[in-house]
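Given next, in C-alpha cells, is a single chain: the form predicted on its own.
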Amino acid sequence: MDCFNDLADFSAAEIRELITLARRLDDKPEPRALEGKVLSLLFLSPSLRTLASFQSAMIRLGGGTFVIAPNMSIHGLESRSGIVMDGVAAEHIHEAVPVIASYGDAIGIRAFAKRENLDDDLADREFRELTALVDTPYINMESAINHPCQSLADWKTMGDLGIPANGGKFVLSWSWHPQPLPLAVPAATLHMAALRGMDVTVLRPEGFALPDTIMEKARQAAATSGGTVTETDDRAAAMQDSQVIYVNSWSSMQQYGNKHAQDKFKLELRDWCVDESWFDKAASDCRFMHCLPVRRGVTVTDRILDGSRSVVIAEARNRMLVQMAVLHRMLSGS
C-alpha cells in the first residue's frame, strides 16, 4: 500500500479485509511488527484523536513516530509559490515537507480546508500539492475534502454493533455549530456509508445541500454496492426507521468562505441540535455517531451524548485499531 488517501481507492472487499486485520491486531497484538519503522506526522491543523491514535498505533506495533506542527516546534511555514519570503515564515513547504518525509518510512499529513475557495477545496488542491512533494508512502489524516481514517473507523464501529450494511438505514445530518466547518467529514462519511451498501439520507436545512460532486461520488459508490443516496430537509421522514444518525456540521455553499454571511444565514437554525425528540420515528436501537470533538448543548444534548445511543467513544478507539491495520499493511511487508 503506497498511500491511504480515499476509501474510493479500495473496493468494499479490500476495506473489509483491513477491518478484519484491525480486529486481529486487537485480539492478537504484534508488538514487533513495525520494529525499526518510523512514521512522520505533519500536522498543519490541530488534532487530539488523530495525533494520539497514530502515535499509539505505531507504539503498539513496535515502531516510532515524531510530530511536526507549526505551533509546536518550528517557525511558520510558507506555502505560496513564487513568494518573496521577507515576512514571518522562515521555512517553505517545498523544503520542509520533503525533509520531514525523508526522516520516516511513511508520512501522515493533516491539512484542513482553508474555506476560501470552494473549487480549490473540492479539488483537495493543497493536500495534493503537499503529497506531490514526498516520495514515501503517505496517509491522509484529514484534508480539505476527505477523512478516510475516520470513515474506516466508522465502518468498523457499525460492523462491531451488528448494524447491517446492505439494507441498513443511515442518516447523515447537519447540525448547528458556531463556526462554518469544512466538508471533509460529511463528504467522507456519506461516501463510506454508500460504499458499505446502506440506504443513506442526507438530512439538512434548506441552503445546506452538499456540492453535486460529493453527492455524485456517493451515488456512484451506492450503485456498485446496492445502496441508495437521497437528501431531504424533512427530519421526521429522514429519521423513519433509521439505525444510525451520524451528525456533523458543514458550511453553506451559498456563502462559502464568508463567515459573516454564514452566521447571519443560520441564525434561525439553533433547533438543529440533536435531542431525544429526533428519535421518535427511528429504530428503537438507533445509534448516535459523531467524529468528535462535539459541542455539547449546541450540536447534541448531554442526554444523547451520555446515553446508550451514543457510540462516540467506540468510534474514537476504533481510529487507533484501523490505523494499526493501515500501518501494518503499508509498512510490515506482509
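Note that residue numbering begins at 1 and tracks the sequence as displayed. All values reported here derive from a predicted model rather than from experimental measurement.
Omitted here: the form predicted together with a small molecule. The next part is about that form.
Asks: Taking the small molecule in the model of the complex, would R110, Q150 and P293 all count as contacting it (heavy atom within 4.5 Å)?
Replies: Result yes, every residue of the spot touches the small molecule.
Asks: From the candidate stretches 264-272, 302-310, 46-54, 24-32, select the single one in contact with the small molecule in the model of the complex, where contact means a heavy atom within 4.5 Å.
Replies: After filtering at 4.5 Å, what remains is 46-54.
Asks: Under a 4.5 Å heavy atom criterion, is E142 part of the interface with the small molecule in the model of the complex?
Replies: Looking in the model of the complex, residue contacts with the small molecule include E142, since a heavy atom lies within 4.5 Å.
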